[in-house]
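Given as structure tokens, the chain that follows is alone and in the form predicted on its own.
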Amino acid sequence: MTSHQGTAELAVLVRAVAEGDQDAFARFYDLTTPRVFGLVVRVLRDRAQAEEVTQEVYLQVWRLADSYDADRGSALAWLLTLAHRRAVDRVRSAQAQSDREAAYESRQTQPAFDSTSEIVQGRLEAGLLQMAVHELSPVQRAAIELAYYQGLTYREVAERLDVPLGTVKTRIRDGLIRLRRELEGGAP
């Protein structure tokens, strides 16, 4: 068969495939698979993916054979264009997936937790707080210790200290202001 005969036969086969002729499709497949697979494997550089894409191309041929227009080019050129586009789409899809995974990983990566540093920092802060609490007046210290260290409500603190509720609120507020100043390095 000459090249011209091969081109003419492929065009006839595509028209028959468009009419649902399975034998024509099988003959078209047999005549063109080596060229399609070769093109796809060159683009993808992966035989397994190239096999999948080649199958997808022939499925597309079966579905779109009626869209083939002989005036726009040969059946082989049409087929190879479909194959090239499908292979490039697969490459782009794989790249997009890789980009999404890299972006996800960068968002999920947490800095290494330094538990020793956290413990030391916590102890330093606790030590500073303890020193600042000792700088409070005895009535402020008592109210703050009951409220914050023992978890009592203002009303419970007032009952425990046997003072009015307003007095407890004032002692705690003034004590917290003084603590803030102490911890920030200011004068009491």
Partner chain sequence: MSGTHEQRDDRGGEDGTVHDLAAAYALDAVDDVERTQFEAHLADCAACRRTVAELSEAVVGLSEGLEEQPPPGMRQRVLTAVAEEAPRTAPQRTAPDDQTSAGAQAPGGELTHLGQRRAARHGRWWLAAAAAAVVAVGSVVATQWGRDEPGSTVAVQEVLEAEDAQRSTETVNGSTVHVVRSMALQRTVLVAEEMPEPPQGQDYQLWFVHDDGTAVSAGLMPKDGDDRTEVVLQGDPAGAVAVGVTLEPEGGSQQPTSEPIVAVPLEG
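We call the rigid core the largest set of C-alpha positions that still match within 1.5 Å between the two forms. Keep in mind the model is a prediction, meaning the values are calculated, not measured. Positions refer to the first chain, counted from 1.
Here the subject shifts to the form predicted together with its partner chain, a form of this protein not shown in this document.
- In the predicted bound form, its partner chain sits within 4.5 Å of a heavy atom of residue 18.
- Put simply, residue 135 is far from its partner chain in the predicted bound form: not one heavy atom of it is within 4.5 Å.
- Shown alone here, residue 69 lies within 4.5 Å of its partner chain in the predicted bound form, counting heavy atoms only.
- At the 4.5 Å threshold, heavy atoms of residue 155 reach its partner chain in the predicted bound form.
- Of all the residues from 23 to 40, those having a non-hydrogen atom no more than 4.5 Å from its partner chain in the predicted bound form are 25, 26, 29, 30, 33, 34, 35, 37, 38, 39.
- In this overlay on the rigid core, residue 20 has a C-alpha that sits less than 2 Å away from its partner position between this form and the one not shown.
- Once the cores line up, the CA of residue 11 ends up less than 2 angstroms apart between this form and the one not shown.
- In this overlay on the rigid core, residue 70 has a C-alpha that sits less than 2 Å away from its partner position between this form and the one not shown.
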